[in-house]
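A single chain, nothing else alongside it, follows as C-alpha cells in the form predicted on its own.
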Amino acid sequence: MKTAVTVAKRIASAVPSLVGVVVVTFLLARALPGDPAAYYAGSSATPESIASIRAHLGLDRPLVWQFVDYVWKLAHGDLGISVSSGKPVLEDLAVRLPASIELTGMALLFALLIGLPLGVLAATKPGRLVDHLCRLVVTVGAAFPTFFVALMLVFVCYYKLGIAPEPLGRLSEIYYTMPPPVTGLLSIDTLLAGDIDAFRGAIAQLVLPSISLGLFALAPIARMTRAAMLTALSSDFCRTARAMGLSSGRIVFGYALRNALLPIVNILGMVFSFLLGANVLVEQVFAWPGVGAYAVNAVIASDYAAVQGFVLMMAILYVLLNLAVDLVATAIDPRVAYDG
C-alpha cells in the first residue's frame, strides 16, 4: 500500500514537468535552422512544391494551432512522421531505443564493476596507494571527453593492434545472422536464438563503445562510493562493531556498504539518465544505430517531429528512472518513504 502511494505521488509530481517538456520541446523544435519542407522536397524542388509540402505538414498554420494539433496527436500516441525516414517517429524510436539502452546498460555495468570496488577499497585504506589510484582514475575519467576516448580506442585497438572488430554498428550481417527481434537487445536475442557465435560478435561490438561511455560514468560512481563508505566507516555503529571484535570484512560489507548504498543508488539513477543523453557522440563514432544518432540526424535535417519525439521520450525515461531510484531507495531504507 505504501509503495503504491509512493508511486502515485511520484507520478503526480512528474506531470507538471512533462507538461513543461511538451511546451519547451515544441518551441525549441520550431527554432531549429532550416526548412523541413525544403529538405523533404529535395534540392530540385520548386517553390510551389515546397509550399505544398509545407501545407501538407501543417507548417503554414499559426504556431498556436500547430501546438494544439501536436498535443492532440500526442494524446493519441501519435508523435508524427519523420521527414528523414518517412516512418512514424514512434516506430523509429522503438527500433532504436533498445540499441541505446543496451549500450548504456553495458557502460554502466563496466563502470560499476570497476568504480564500486575501487571506491570501497579506497575508503578502507585512506591515504594509501589504492586511495591515490582511485583519485587518479576519477580525475582521468572526468577529464577526457567521451568522443576523444572513443576515437583513441578505435585508433589503438582497431587500427593499430587489430584486436577489436570494425566499428560499424551492433552486429555485422556479413559474418552473422541477425536473430529474431524479441527484446531488441542483441546480447539477449542472440542467446534466445541459440546463436553463440552471433552472441560473441554482439558482445565484441559492445566492448569499445561501452568502455568509452563507461569511463565517464566511472568517476562519479567511484567518488560517491568512497565518500559514502568513509562516512559509514567513521559512524558510531561501525566503531561499536570494531569494539565488539567483528571482522573487518563483516564491518565493511555487512554494515558500512549496506548503509552507503543509498547515496550510491541515487547517483546511479543520475548517471544512467545522463549516459542515455551523452551517448550521442559515442554512437556517431561507432556507427551505433541508437536514438542519439537518430537525434543528431533529426537536428541536421530540421526534422521537427523526430526532435520532439526524442526529447519527449528522454524526459519520460528520466521520470521513470527517478521513480525506479525512489522505489529502490525505499527498499534499501524504509525511512526514505517515511520522511517523504
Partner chain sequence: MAEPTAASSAPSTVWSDLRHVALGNGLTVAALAVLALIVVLGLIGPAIAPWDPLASSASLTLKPPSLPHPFGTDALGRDILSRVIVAARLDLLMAFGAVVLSFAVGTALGAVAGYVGGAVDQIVGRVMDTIMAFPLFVLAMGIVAALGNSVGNIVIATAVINLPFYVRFARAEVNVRRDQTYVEAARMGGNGPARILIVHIVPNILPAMMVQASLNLGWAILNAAGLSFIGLGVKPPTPEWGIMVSEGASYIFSGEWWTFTFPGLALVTAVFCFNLVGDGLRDVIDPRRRT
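Residue numbers count along the first chain shown, from 1. Each form is matched to the other, and the largest set of C-alpha atoms that superpose within 1.5 Å is called the rigid core. These figures come from a predicted structure and were not determined experimentally.
Not pictured, yet referred to below: the form predicted together with its partner chain.
The closest heavy atom approach of residue 255 to its partner chain in the predicted bound form falls outside 4.5 Å. At a distance threshold of 4.5 angstroms between non-hydrogen atoms, residue 17 is in contact with its partner chain in the predicted bound form.
The closest non-hydrogen atom of residue 144 lies within 4.5 Å of its partner chain in the predicted bound form.
By the criterion of a heavy atom within 4.5 Å, residue 75 is excluded from the residues contacting its partner chain in the predicted bound form. Put simply, of 117, 105, 126, 167 only one has a heavy atom within 4.5 Å of its partner chain in the predicted bound form, and it is 167. Along 290 to 315, residues 295, 296, 299, 300, 304, 307, 310, 311, 314, 315 each place a heavy atom within 4.5 Å of its partner chain in the predicted bound form. Positional change of residue 70 between the shown form and the other one reaches 2 Å or more at the C-alpha, relative to the superposed core. Once the rigid core is used as the reference frame, the Cα position of residue 320 differs between the shown form and the other one by less than 2 Å.
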